[in-house]
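Next comes just one chain, in structure tokens: the form predicted on its own.
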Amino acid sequence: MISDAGQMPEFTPRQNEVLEQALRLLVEGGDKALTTSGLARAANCSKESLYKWFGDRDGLLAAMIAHQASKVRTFERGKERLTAENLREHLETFARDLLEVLSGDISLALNRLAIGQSSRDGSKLGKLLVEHGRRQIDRRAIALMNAGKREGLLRFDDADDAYHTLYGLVVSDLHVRMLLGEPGLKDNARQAERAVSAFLSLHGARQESGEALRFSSGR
């Protein structure tokens, strides 16, 4: 369940399977295909279980979005100490995952649906996408940057500004163009590498000699 907008939800393997089915229904059939009865049949579970796990329709949508956002991996504190080498690896993993998620059919379907539902008062789905999708990804990526700064590997005055620099280098206008029907990138990994290299040239910490710390890509 989603208990706090500031925390990533933890779903059981069974709940993740159900959420994958819900996302598949949305992509294949649109908003009208995502019904409690239809999902219960597709996921081979009861409607009672769906209500118990996710609550109402908004709760289900929020869980779907959070599940999708969790596919963008970052650094988990306490598991390892950051070095210049694995910081680059974590940043490239984040950038690559971000591109793959944003350019996938699920993300495009969710965003197009939110745009279609928008009005002067905004879109309820759009707000859910921001709260349980974009902000969750932002929060974890900023935590990675702060960890890098604490280890003396990154330099910046404002972590949010630094993160949005990275986001812009990675995504640019790709997501907007894909929402308008253009094809995605042929090589997300290469784009991730270039973006992270550019980011580290701007925000990688420097030694007293003025030379950048070793952020070798190993390529």
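Small disclaimer: the values here were computed from a predicted structure and weren't measured. In this text, the rigid core denotes the largest set of C-alpha atoms whose superposition between the two forms falls within 1.5 Å. Position 1 is the first residue in the sequence shown; the rest follow in order.
Not pictured, yet referred to below: the form predicted together with the DNA.
- Interface residue remark: R57 is counted as part of the site for the DNA in the model of the complex, having a heavy atom within 4.5 Å.
- Residue contact with the DNA in the model of the complex: C45 places a heavy atom within 4.5 Å of it.
- For the chain shown alone, T35 is a contact residue for the DNA in the model of the complex, at least one non-hydrogen atom being within 4.5 angstroms.
- F156 falls outside the set of residues with a heavy atom inside 4.5 Å of the DNA in the model of the complex.
- Stretch-level contact analysis of 46 to 54, 173 to 181, 157 to 165, 189 to 197 against the DNA in the model of the complex, using heavy atoms and a 4.5 Å limit, identifies 46 to 54.
- For the partner-free chain shown, nothing in 155 to 173 comes within 4.5 angstroms of the DNA in the model of the complex, judged by any non-hydrogen atom.
- A movement of the C-alpha atom of G30 reaching 2 angstroms or beyond is seen between this form and the one not shown when the two forms are aligned on their rigid core.
- A displacement of less than 2 angstroms separates the C-alpha positions of E151 between this form and the one not shown, with the rigid core held in common.
- In the core-superposed comparison between this form and the one not shown, the C-alpha atom of Q15 has shifted by at least 2 angstroms.
- Shown here is a form in which the CA atoms of V18 and F94 lie at least 3 Å closer together than they do in the model of the complex.
- Cα of G30 to Cα of E182: at least 3 Å shorter in the model of the complex than in the shown structure.
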